[in-house]
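Below you will find one chain, with nothing else, as structure tokens; this is the form predicted alone, and questions on how it binds or moves follow later.
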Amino acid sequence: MGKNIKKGISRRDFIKTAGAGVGVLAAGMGPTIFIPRQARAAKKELKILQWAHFVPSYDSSFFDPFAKQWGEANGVQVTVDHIGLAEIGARTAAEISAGEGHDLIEWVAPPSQLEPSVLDLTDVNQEAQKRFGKQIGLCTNSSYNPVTRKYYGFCHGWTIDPGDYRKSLWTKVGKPDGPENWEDLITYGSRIKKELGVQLGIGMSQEIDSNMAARALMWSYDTSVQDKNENVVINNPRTVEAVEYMSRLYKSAMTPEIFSWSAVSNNQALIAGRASYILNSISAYRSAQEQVPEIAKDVFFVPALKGPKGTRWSSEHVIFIYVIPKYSKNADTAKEFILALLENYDKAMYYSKLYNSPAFFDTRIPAGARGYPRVMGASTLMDLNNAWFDDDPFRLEGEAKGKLSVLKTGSQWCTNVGHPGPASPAIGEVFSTFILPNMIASAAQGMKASQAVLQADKQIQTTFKAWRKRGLVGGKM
């Protein structure tokens, strides 16, 4: 372990402070929250910067009350501040530059480029794996740097990224079960646009959904930014083919608005009835259940689309990763809080309306933690995950049962943004600077596909070279 880990909390302290669960029932929250109690000589502080969740009940009914009760039970003054998704990067950079701010900061994409400025969280990651079982691979690959052998963050959960489609529209063109491969989007999506006046909703702009879509497309076309050894390999014929495909898709089934979309635009288009298919999580569907129930009843889901050779990959939509900046004076307390959160992840799943999937599927549900509808015999988060996906507790009256069942296999066709390698600091910078959606948008707007790929390759090579000089990225190319 590195310098910071030796100063961190010990395994004995973990067991003392996070091991003895005492049930505390939050007012109006339903299922029991288990709060580890610890006697403290003096009041401590913990400041948390948390993204404003797409599903408001996660913040209002679970996370904020949980943080408050955990603090009261453990002699900690906990402050939780919420921030919009698009503001996380700039706010984190400002606090690190100032050398003060929040002790725990939650990112929703791998924050690997922050590694030089945040603590190595190897200790809390190892303790979590001892207590809760093996972490899902894509979560480890989104928080661990194999070159430095450090965990620059702690991943507690992730979000599955299926395709959301309007069944009535696809039925009218002879494809009631939705698209199976990328070419189906052109074959049937173009007909829906021409005959029914509804376009596809895949962005090509500087926002997270466009970033995820670009990667899913490339992986399904058997290409990527890097190989498993962190060599840059993007400039190849398969990438050119994928970029040419997106140009065809744009011309046949979409409109220019997709070049200026924000992270909520495809959600809004689906809810408003202006999109026949989007590549997203279930958040748009949840919003439709509240705002336009008839649209929600018409939304169904498909797994990652197949590429020309049958390869099927999707990028996890959102990945929840905490970092602790080096300036924090409350790192040990922050680590205790992380473990307590994992002990209550059944509530995180439920109050996010199944948007959050756990990073530790083998975590056992605390004894006595009941109060959930439609769960029989569930003892682990995996059991709970599958039971809810089979029989959605938030299904509307009259809505088809089992619509979310496809998500049970999400860990088989979702992967991390650095696939087939790790989410290194170089990959983090490529992601945060939107090189891939820019590449695709340039070609769709007229640039030759091979030129757009070459341009992206030069930017990516420069990024990787800079991080290699700092000893934080592997590979040679």
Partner chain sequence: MDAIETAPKAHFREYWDRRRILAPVMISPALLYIVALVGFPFVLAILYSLSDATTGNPSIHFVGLRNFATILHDPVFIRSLENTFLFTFVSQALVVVLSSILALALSEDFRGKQVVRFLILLPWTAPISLGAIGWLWIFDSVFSPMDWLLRAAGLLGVPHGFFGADSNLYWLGRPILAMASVIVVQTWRILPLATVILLAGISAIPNEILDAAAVDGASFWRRLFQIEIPLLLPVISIAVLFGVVFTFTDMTVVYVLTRGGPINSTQVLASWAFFVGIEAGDLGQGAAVALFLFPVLAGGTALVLRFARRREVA
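Between two forms, the rigid core is the largest collection of C-alphas that superpose within 1.5 Å. Residue numbers count along the first chain shown, from 1. What you are looking at is a predicted structure, and each value in this text was computed from that prediction instead of being measured.
There is another form of this protein, the form predicted in complex with the partner chain, and it is not shown here; the text below is about that form.
Trainee: Which of Ser411, Ser450, Gln69, Thr433 has a heavy atom within 4.5 Å of the partner chain in the model of the complex?
Mentor: Residue within 4.5 Å of the partner: Thr433.
Trainee: Could you work out which of Leu114, Ala213, Val78, Ile234 is the residue within 4.5 angstroms of the partner chain in the model of the complex, going by heavy atoms?
Mentor: Exactly one residue meets the criterion: Leu114.
Trainee: Just one stretch in 411-419, 439-447, 58-66, 45-53 has heavy atoms within 4.5 Å of the partner chain in the model of the complex, so which one is it?
Mentor: In the other structure, the partner sits against 439-447.
Trainee: Quick check on Gly174: any heavy atom within 4.5 Å of the partner chain in the model of the complex?
Mentor: Outside the cut-off, so no.
Trainee: Can Lys167 be called a contact residue for the partner chain in the model of the complex at 4.5 Å between heavy atoms?
Mentor: Output for Lys167 is no: heavy atoms all beyond 4.5 Å of the partner chain.
Trainee: Heavy atom to heavy atom, is Phe464 within 4.5 Å of the partner chain in the model of the complex?
Mentor: No - in the model of the complex, heavy atoms of Phe464 and the partner chain never come within 4.5 Å of each other.
Trainee: Within a 4.5 Å heavy atom cut-off, is Gly133 in contact with the partner chain in the model of the complex?
Mentor: Although the partner chain is absent here, Gly133 would stay clear of it in the model of the complex, with no heavy atoms inside 4.5 Å.
Trainee: For 87-115: residues with a non-hydrogen atom within 4.5 angstroms of the partner chain in the model of the complex?
Mentor: In sequence order, Gly89, Ala90, Ala93, Ile96, Ser97, Gln113, Leu114 come within 4.5 Å of the partner.
Trainee: Would Phe259 count as moving between the shown form and the other one, using a Cα shift of 2 angstroms or more after superposing the core as the test?
Mentor: Moves: no, less than 2 Å.
Trainee: Determine, after fitting the two forms on their core, whether Lys326 shows a C-alpha shift of 2 Å or more between the shown form and the other one.
Mentor: Comparing the forms between the shown form and the other one, which are aligned on their rigid core, Lys326 does shift its C-alpha by 2 Å or more.
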